[in-house]
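Below sits a lone chain in structure tokens, taken as the form predicted on its own.
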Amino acid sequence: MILDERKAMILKAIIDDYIITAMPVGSRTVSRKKGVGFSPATIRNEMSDLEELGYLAQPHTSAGRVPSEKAYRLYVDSILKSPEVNPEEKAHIEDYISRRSGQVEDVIRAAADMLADATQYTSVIVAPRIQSLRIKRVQMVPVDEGSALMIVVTSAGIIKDALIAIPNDMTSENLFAISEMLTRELSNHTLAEVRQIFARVFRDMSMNRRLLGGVMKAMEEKLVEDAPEDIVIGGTTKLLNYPEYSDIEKAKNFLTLFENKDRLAAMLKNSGGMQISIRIGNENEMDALKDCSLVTATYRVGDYASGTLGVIGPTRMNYRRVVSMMDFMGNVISKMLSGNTNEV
């Protein structure tokens, strides 16, 4: 059912007040709000209708009403085009993150902390998968006789390394020449593409095949297959400041959410490719989030890789603030990481 203008106005007023106070909202409170213009009696009748329609609930007989998940869903769908973050706050956020952009891990950590502070909720950011990043440079440095450190630099500034075996008689000059050849062959390809590229390199080279085999194995096993799901959490305990989490058991249940980072990362990425996704209460898969809302957004690293950022808060979260901040923060992370081309 589509709500008429009066019901929609009253419902919005109730949600706006409840987001701020976390207290049931009565008809007199709504009648005093600017622009409402209806008597308490009229508002009570409309609130009864909204309760029957499933948009409001009454915790106690004599208390006011609180919004339901159905009400939040209607509210959220109407505010996805939120006002932008103000220019002063934009400048502060960009400066804070840019001063920590030496590596992708620094950008992600700074962004998670800033997102949690800006929204006053818990933030979660999943880094782009290493397999989908483009190789920029390969360098091998001798460590001792028979071994060298292989360093792979990606287009996002992520640096991965692995120890590999080399012939005992291989010189630093030989390693440098092979490093240059590998950089030419692998540059602008993903780590996930190394096998087919190495197959061609093997055909073209009659020497150092054993070394190249070790390099390929290290790239596949150490840098690709064993690459962890990098996930950074900001403001872990911020939700404990809200009255919804004053119950010890509910607080403990929420905090256990962060013990399984792989599952949390998978849930964040499961947003159907949407730029902004909002899941309210029971729309969330994990039991620890049944009393929460989860807002996720995607960001990109160049043209090839993407990651996810999210905000977890109570169902009465300030959705307008969160959506506008997520949209802006996603753009900031994309810009910082796509332009991050630091050398070793």
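A residue's number is simply how far along the shown sequence it sits, counting from 1. Just so it is clear, the structure is predicted and the values come from calculations on it, not from any experiment.
The same protein also has a form predicted together with the DNA, omitted here; what follows describes it.
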Flag G54 as yes or no: does it have a non-hydrogen atom within 4.5 angstroms of any non-hydrogen atom of the DNA in the predicted bound form? no
Discussion item. Is T308 near the DNA? Define near as a heavy atom within 4.5 Å, in the predicted bound form.
Written reply: no
Under a 4.5 Å heavy atom criterion, is V25 part of the interface with the DNA in the predicted bound form?
yes
**Request:** Please check if P67 has a heavy atom lying within 4.5 Å of any heavy atom of the DNA in the predicted bound form.
**Result:** no
Picking from T42, N318, S277, N284, the single residue whose non-hydrogen atoms come within 4.5 angstroms of the DNA in the predicted bound form is T42
_All of P142, I151 and V194 within 4.5 Å of the DNA in the predicted bound form, heavy atom check_ = no
